[in-house]
Ligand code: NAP
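In the form predicted alone, a lone chain appears below as structure tokens.
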Amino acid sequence: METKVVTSINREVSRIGLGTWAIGGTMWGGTDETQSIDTILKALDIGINLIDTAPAYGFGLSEEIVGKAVNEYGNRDNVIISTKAGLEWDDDGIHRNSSRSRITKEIEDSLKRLNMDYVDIYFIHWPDSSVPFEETAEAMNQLFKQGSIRAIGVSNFTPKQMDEFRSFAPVQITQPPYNIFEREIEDDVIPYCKNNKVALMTYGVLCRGLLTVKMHEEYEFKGDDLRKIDPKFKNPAFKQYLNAVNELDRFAQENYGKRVIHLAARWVLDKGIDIALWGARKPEQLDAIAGIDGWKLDEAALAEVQHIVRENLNSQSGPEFMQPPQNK
């Protein structure tokens, strides 16, 4: 497992982290606790030492499962736990709330669900325009100073928003979406983070399963699966994305003896991202990680990946559909 010393959080981190959104079940068609715990334990056994979760993932269920798995595994101080604050939910759904009172309540609730006395990285899940960044940042900084959190992060923030936040508290790490099909951060967030020594932990490396070659035009998304509202999974766009995936898979096989699922993660790491989150809720969904290490994509290969994407897609959609509404 590749690791990297991330100086901004002063830890040696596996460059693949485990994302547990799907483990929460909500928007992913449900979950199986025993299977989920087995998945987390397997991730730790194969060398992944960072587990990313959030209260909004299953309305606390993901955090509870992560806590049970880490307790079973032991060695808490060798596991890096990241979770988030700034979203709340009611009968009308999920919306943003990054107020001081909300953050104070959320860290208490998260620590209880995780059965831990600190979290290593604490993210503001989404920027909240209804609350001054000063209030949010100062609340996070207070948690940092008292030791409840070991690093302050922001997720889905623009450089301008990070700049404003950093006027009142440090930002050690950020978590935006990034994959072969969703590259919006390349022009602003990535250079900003490099220039300001903010670590990059990105989510969506497999683009919600699209970059796995397991899907086909008749693939059925059941229950509350969020891909029902993702424009990428609606024709004619879906067919174009599948064509691109097949071409990328052919390129990976012919040049590296790999599959597109390996290429997708290798591409993110070789674009200079510190940590890529790999979502899984079944142990076997971690098997492909073994094929990520031990090879690199050079500039010519990166250019060919971009060429394949451009040749197959008439237009591209981003991850904007996932944005929760602002506070009421």
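Since we're looking at a predicted model, the values are computed, not measured. Residue numbers here begin at 1 and follow the sequence given.
Keep in mind that the form predicted together with the named molecule is not shown, yet the notes after this line are about it.
Residue heavy atoms within 4.5 Å of the named molecule in the model of the complex occur in exactly one stretch of 241 to 249, 99 to 107, 120 to 128, 73 to 81, and that stretch is 120 to 128. Out of the listed residues C207, M116, I94, M162, C207 is the one that sits within 4.5 Å of the named molecule in the model of the complex by at least one heavy atom. Among F133, Y203, F157, F181, the residue placing a heavy atom within 4.5 Å of the named molecule in the model of the complex is Y203.
Although the partner is absent here, R227 is a contact residue: one of its heavy atoms lies within 4.5 angstroms of the named molecule in the model of the complex. Contact between E63 and the named molecule in the model of the complex is not found at the 4.5 Å heavy atom cutoff. For the chain shown alone, K194 is not a contact residue for the named molecule in the model of the complex, no non-hydrogen atom being within 4.5 angstroms. The named molecule is not drawn, but in the model of the complex it has a heavy atom within 4.5 Å of R281. Although the named molecule is not shown here, in the model of the complex the stretch 51 to 77 places heavy atoms of D52, Y57 within 4.5 Å of it, in sequence order.
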